[in-house]
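Given next, in structure tokens, is a single chain: the form predicted on its own.
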């Protein structure tokens, strides 16, 4: 029986993890849950799974949830809150395995403390490795505990690497769907709407990650994550556009052999892989091999999607640059979603913040969080300057990809 903590239990990865647990009730026990402000959902989860501890966003949320659980006869469930509450959920003495799925740097401290506490960690929060990957991976090596990727691309790389040694790897290929704007001419990017950007052709994801997919910043984050997870330089991590999203990643070896991993586009499969590693256990998540009849590949257009190039620059520099990259992007994406800037302004904000950020290495998570806050402040100032050129309203007419 593996006893798990789920950080981000009300999000898509958290809900998929609970679906896996439900399918294998004799293998997994839910010990702790960490949620944000979705109190109704986490109350339902607590009633269903009876964890020992639940963490929520604020003291007021915690009080409300305690009252609801008491009315359900579940007052024995401890309810905590805030960053400290997330750390307690991640480091609970009864937990064996932590699923890190809190979006953004909000999950950074809890993930790092889980690694320090000697927990095995399944990472679905790429921002943790983007912002503090050097610290987290170093700590994991010291503890001799695995960091198991849940992101489909890195999970695929991890599986392919079981067919060879890391020193035999020439290149890692991360596939990208290309997002909703793959066929849209660059000259129309300034008029793209929020609704169009949220219309991902393959995956159903949260709002920020969907916008990051549209700019290819998400793939840039994955490049940095791959460098950290597999100890590779950026020049050995390549991105290739594959609209069908059938092949999740490939690993090329020194003899010219290439191993590819493909499967259904269902996050329950990489979650199951991480939870049961090094075993493989039966599942019903089957892939139709006939779907391999049509596979397209092309290089990414770095001119149309400058965020990917900015991510490579940050990956090469390391230190403070990836922190600034992630923070600036998060602030810029939020501004775009609120129709305060244009789609093309996202890259402008990120580029401006990177240029303003002096590079240095970090010794602690606290230093990372301070750098993150400074980058967010810089991004907010740049956004205010850009707002002299107002973006299109949400109601702008939707353009088809073929226009």
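Note that the structure is a prediction, hence the values are computed from the model and not measured. Positions refer to the first chain, counted from 1. The term rigid core refers to the most C-alpha atoms you can superpose between the two forms while keeping them within 1.5 Å.
Keep in mind the form predicted together with a further copy of the same chain is missing from the figure; the text below concerns it.
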Checklist outcome for this item: Only hit among 188, 142, 280, 76 for heavy atom within 4.5 Å of a further copy of the same chain in the predicted bound form is 280
Checklist entry - Between the options 200, 171, 304, 207, which residue brings a heavy atom to within 4.5 Å of a further copy of the same chain in the predicted bound form? => result 171
Item to check | Options 328-336, 129-137, 254-262, 192-200; stretch whose heavy atom lies within 4.5 Å of a further copy of the same chain in the predicted bound form | outcome: 254-262
Checklist entry - So in the predicted bound form, does any heavy atom of residue 163 sit within 4.5 Å of a further copy of the same chain? => result yes
Checklist entry - With the cut-off set at 4.5 Å between non-hydrogen atoms, does residue 289 touch a further copy of the same chain in the predicted bound form? => result yes
Checklist entry - Contact between residue 296 and a further copy of the same chain in the predicted bound form at 4.5 Å, heavy atoms? => result yes
Item to check | Exercise: residue 159 in contact with a further copy of the same chain in the predicted bound form, heavy atom 4.5 Å | outcome: yes
Checklist entry - 2 Å or more on the CA of residue 291 between this form and the one not shown, with the rigid core superposed, yes or no? => result yes
